[in-house]
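This document opens with one chain alone, in structure tokens, the form predicted alone.
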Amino acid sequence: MKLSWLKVAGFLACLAPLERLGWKAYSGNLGANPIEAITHATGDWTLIFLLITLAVTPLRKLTKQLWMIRFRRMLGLFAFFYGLLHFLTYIWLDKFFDLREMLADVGKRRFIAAGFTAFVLLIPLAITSTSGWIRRLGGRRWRLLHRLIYISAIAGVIHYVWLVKADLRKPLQYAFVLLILLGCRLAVWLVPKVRQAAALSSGPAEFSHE
């Protein structure tokens, strides 16, 4: 029961950025360029939720709190949700569904291409996030597919870095956090292999000593 209430509270907290953005739009506080304000806000929250999703597993292992893993799917879906809002803002409010202009943008402006890549990679992850898809794909293939979230996060950070031309502090903060999370992932993968290699290399030496 306690976990259910935590999930409800977490769900409402994940909606808070959208509620705040909606209130700003309703009260006319989006500034001189409302479309730009919406684009930046939804883009920021896409990256934030991607990074929080990637942080769940390291935090779970560090704190030994197994219940945390139950929130990862919801957080990942909210990353996709805010990414979808970010994408819709671009194709609807900015480009008015002008496909030719959008394709020209992708080819001409590299930050658009990086952002588009980041969003497209999230689509199969959102589709296969259900328990049914985990059973269909099998645990190993499902986990392999969902590693795309790392590539999506990298592309998203690159998108932000290339977008910002002057003040790089904010995108570099995202890049720093992502680098730490990728380092944690690499350490989890590398440490057992190093230990295994060390055990294999020490085996013959122990035998010859006897």
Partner chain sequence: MLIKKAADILASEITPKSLYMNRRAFLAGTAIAGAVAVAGVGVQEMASPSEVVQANAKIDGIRKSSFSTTEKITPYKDVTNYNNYYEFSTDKEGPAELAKNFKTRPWTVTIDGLVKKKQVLDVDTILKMAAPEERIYRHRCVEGWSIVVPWVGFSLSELIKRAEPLPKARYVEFTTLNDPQQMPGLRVPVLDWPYVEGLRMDEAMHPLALLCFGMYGEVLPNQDGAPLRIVVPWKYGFKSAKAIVRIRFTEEQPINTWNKAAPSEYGFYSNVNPNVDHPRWSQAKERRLGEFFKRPTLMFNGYDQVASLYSGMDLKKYF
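In this text, all values refer to a predicted model and were calculated from it rather than measured experimentally. Numbering follows the first chain given and starts at 1.
The protein also exists as the form predicted together with the partner chain; that form is not presented, and the subsequent description refers to it.
Heavy atoms within 4.5 Å of the partner chain in the model of the complex are found in exactly one of 49 to 57, 29 to 37, 143 to 151, 65 to 73, that being 29 to 37. Of the listed positions (Ile134, Leu93, Ala113, Val120), a single one reaches within 4.5 angstroms of the partner chain by any non-hydrogen atom in the model of the complex, namely Leu93. In the model of the complex, at least one heavy atom of Lys170 sits within 4.5 Å of a heavy atom of the partner chain. Among residues of the shown chain, Leu179 is not one whose heavy atoms approach the partner chain to within 4.5 Å in the model of the complex.
Using a 4.5 angstroms limit between non-hydrogen atoms, Leu163 touches the partner chain in the model of the complex.
Along 98 to 137, these residues reach a heavy atom to within 4.5 Å of the partner chain in the model of the complex: Asp98, Glu101, Lys108, Arg109, Phe111.
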